[in-house]
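First, one chain by itself: the form predicted on its own, in structure tokens.
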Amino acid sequence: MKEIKKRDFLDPELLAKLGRLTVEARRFMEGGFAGRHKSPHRGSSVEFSQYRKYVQGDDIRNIDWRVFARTEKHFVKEFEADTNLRAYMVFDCSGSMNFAGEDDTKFKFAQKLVATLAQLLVQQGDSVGLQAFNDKMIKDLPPRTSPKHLYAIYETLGDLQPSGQTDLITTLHNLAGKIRRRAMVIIFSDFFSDVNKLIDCFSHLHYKKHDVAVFHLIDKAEMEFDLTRPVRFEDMEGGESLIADPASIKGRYLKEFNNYLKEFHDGCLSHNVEYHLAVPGEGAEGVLSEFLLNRLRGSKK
């Protein structure tokens, strides 16, 4: 494999800390070969699922003869089939992701989250794809498992730049229609879109039985609005600007912003979308550890 260029989003120390954790699926997956995740199809792994009546053509080795001795009827054992996971990393590269307060931009923080999760998934034998978008699909790398493909993801991440407007709604609906088999869909965005339309996207993905998680990229400055003098506010996607006194609008801003956060968070929960607030200043280890540990606990229920 080619030597990987030095990239700020590749953090060996972070990978070492998270290396013993695995990325578990919360729903049945449909992969291309045997793996660690539960499949909706029946197979012959070691975990028993249920009995069903014997039908002609079934493997007689799966007949439970002890049940036959009690009932004089033939029943076969079914087991959960394990499969590999296919993960789609959906990465918002619109202009608003270039916002930064006192820490890294939301875009750079998301780069690190995507790169780290991609590495963890590939090293456990799962397939990873990258869908980078703004108002259109910028890059679409389908899920694959090889180290060469992981290198391609790194190269793509390093070449991306945040710019333009976003069309998250169309992107998610198109993705839901495109992915034909159950998969994990992880979305990295600031989600500055109509909440009702976003929830409709999640409903579409949920209907298709995908395992969906979101990393909501929000800067501390956006949450606290701790400004003390008149400033020029600029739309990082549309280019429009205005000058305002923060003191006169802070109360209304925080009320609307917190209402938005609650509505979005509640909408995620109502459609079984795993929600994680990702604040650049709080570091990648915390948010990724929470994501991985939550899934590990959920997989053992």
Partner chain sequence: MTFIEPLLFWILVPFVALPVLIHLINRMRYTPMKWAAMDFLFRAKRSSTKFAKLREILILTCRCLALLFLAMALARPLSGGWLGSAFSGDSETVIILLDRSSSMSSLDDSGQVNKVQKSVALIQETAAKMPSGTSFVVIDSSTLKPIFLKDTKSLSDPVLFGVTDAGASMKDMVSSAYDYILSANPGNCELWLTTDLQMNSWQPESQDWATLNADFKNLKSNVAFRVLALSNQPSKNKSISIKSTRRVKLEKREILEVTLQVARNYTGPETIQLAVNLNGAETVKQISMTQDSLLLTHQFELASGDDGGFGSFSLPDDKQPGDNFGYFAYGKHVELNTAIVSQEKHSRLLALAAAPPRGGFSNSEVLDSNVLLTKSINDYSLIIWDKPEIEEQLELQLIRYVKNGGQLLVFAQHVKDSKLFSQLEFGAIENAEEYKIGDWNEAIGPLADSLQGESLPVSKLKVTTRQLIKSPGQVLASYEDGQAFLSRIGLGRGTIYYCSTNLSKKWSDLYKGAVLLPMLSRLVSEGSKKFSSVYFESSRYDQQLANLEVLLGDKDSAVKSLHAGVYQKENDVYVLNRPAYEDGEALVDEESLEQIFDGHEFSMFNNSSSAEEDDTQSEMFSLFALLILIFLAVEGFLTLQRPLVKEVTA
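Everything quoted here is computed from the prediction, not taken from an experiment. Numbering follows the first chain given and starts at 1.
Omitted here: the form predicted together with its partner chain. The next part is about that form.
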4.5 Å heavy atom contact with its partner chain in the predicted bound form for all of I138, Y151 and H173: no
The unique member of A69, I60, V55, I243 whose heavy atoms fall within 4.5 Å of its partner chain in the predicted bound form: I243
Listed residue (E155, D200, E222, D104) with a non-hydrogen atom within 4.5 angstroms of its partner chain in the predicted bound form: E222
L227, heavy atom within 4.5 angstroms of its partner chain in the predicted bound form: yes
Distance check, S96 to its partner chain in the predicted bound form, heavy atom within 4.5 Å: yes
Distance check, F75 to its partner chain in the predicted bound form, heavy atom within 4.5 Å: no
Contact test in the predicted bound form: N259 vs its partner chain, heavy atoms, 4.5 Å: yes
Candidate stretches 129-137, 142-150, 201-209, 96-104 - the one whose heavy atoms come within 4.5 Å of its partner chain in the predicted bound form: 96-104
Residues within 4.5 Å of its partner chain in the predicted bound form, restricted to 111-138 and counted by heavy atom: none
